[in-house]
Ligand SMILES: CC(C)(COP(=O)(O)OP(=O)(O)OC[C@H]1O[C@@H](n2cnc3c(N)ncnc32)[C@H](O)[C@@H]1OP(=O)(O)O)[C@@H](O)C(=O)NCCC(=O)NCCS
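Just the one chain here, the form predicted alone, laid out as structure tokens.
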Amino acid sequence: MTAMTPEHPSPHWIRARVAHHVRDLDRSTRFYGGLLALPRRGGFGGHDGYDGQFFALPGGGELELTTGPGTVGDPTEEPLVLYVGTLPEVHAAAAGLEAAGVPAVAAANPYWNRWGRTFLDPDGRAVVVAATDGRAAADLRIEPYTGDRDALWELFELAEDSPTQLASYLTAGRVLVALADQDPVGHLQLVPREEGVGNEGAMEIKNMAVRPQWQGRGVGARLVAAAVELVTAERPAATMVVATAAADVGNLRFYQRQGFRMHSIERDAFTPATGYPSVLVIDGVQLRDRVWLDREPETTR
């Protein structure tokens, strides 16, 4: 095998995932999510006969558990998946690997054949080069959600570590969803804020999340923009507010990019008394305090 050349430069990897095909998805989910306590990061159902669950791995990356028509032990059902941003990048990376003499095979799961290419390493293990998703974020639709909120529980759960708290507000306010075909890949919940930050007619983004495989592609920004448009049309003088963990630097950066400014800190908001585990850690920082941010009405900006 030869090294990458100027004609075939090294790919720009943006995330990684390890896939396991399992016999019993519920049992494996209990093992990885319960006994090993890996954080759940959503899942899917009915994709070409496959169901799956995602888990965050320590230090970065994800574990994907799948069950379906494939065979446990098939190397193409147990791949290391390396993601690039787009399908053209997949084709470029694949061309470089083929030029280096790396054998290509068809994956058992049609998804990997649709949005990626599968290769075998020197020991016969499968490596998939895939786009972060086969559909561009530009193809998404943002629209009001009127269905059963329980169907969105896993999406809500991505942004809420307390099942007790989530159950208390799941049905409140209204929800916008980002749809790829008919699949919800992100959501935003808006509720009136009756007291506290911006309490004079303020609207709060109570819960918002984007599925991991769609993150980093502008979905969250489009959801916030749709929420701002909705609030401006209905309540043009209303301030918008949102709260996030002080330890979550990524969320703080995201909301400030959407025009929110820090307003105040609520100390010890995440405790067992409010329904949260005794110890939660984000990027090595213990989760304890909540940061409130607000965004002025469009009419005063």
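Start at 1 with the first residue shown and count on from there. The model shown is predicted, which means the values in this text are computed figures rather than measured ones.
Another form exists, predicted together with the ligand; not displayed. Remarks below refer to it.
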* To do: Counting non-hydrogen atoms within 4.5 angstroms of the ligand in the predicted complex, say which of 219, 177, 152, 107 makes the cut.
  => 219
* Structure fact -> In this chain shown alone, the residue from 239, 28, 66, 244 with a heavy atom within 4.5 Å of the ligand in the predicted complex is 244
* Asked: Pick from 91-99, 75-83, 123-131, 202-210: which stretch has a heavy atom within 4.5 Å of the ligand in the predicted complex?
  -> 202-210
* **4.5 Å heavy atom contact, residue 261 to the ligand in the predicted complex** => no
* **residue 87, heavy atom within 4.5 angstroms of the ligand in the predicted complex** => no
* Asked: With the cut-off set at 4.5 Å between non-hydrogen atoms, does residue 257 touch the ligand in the predicted complex?
  -> yes
* Asked: Should residue 215 be counted as a contact of the ligand in the predicted complex, where contact means heavy atoms within 4.5 Å?
  -> yes
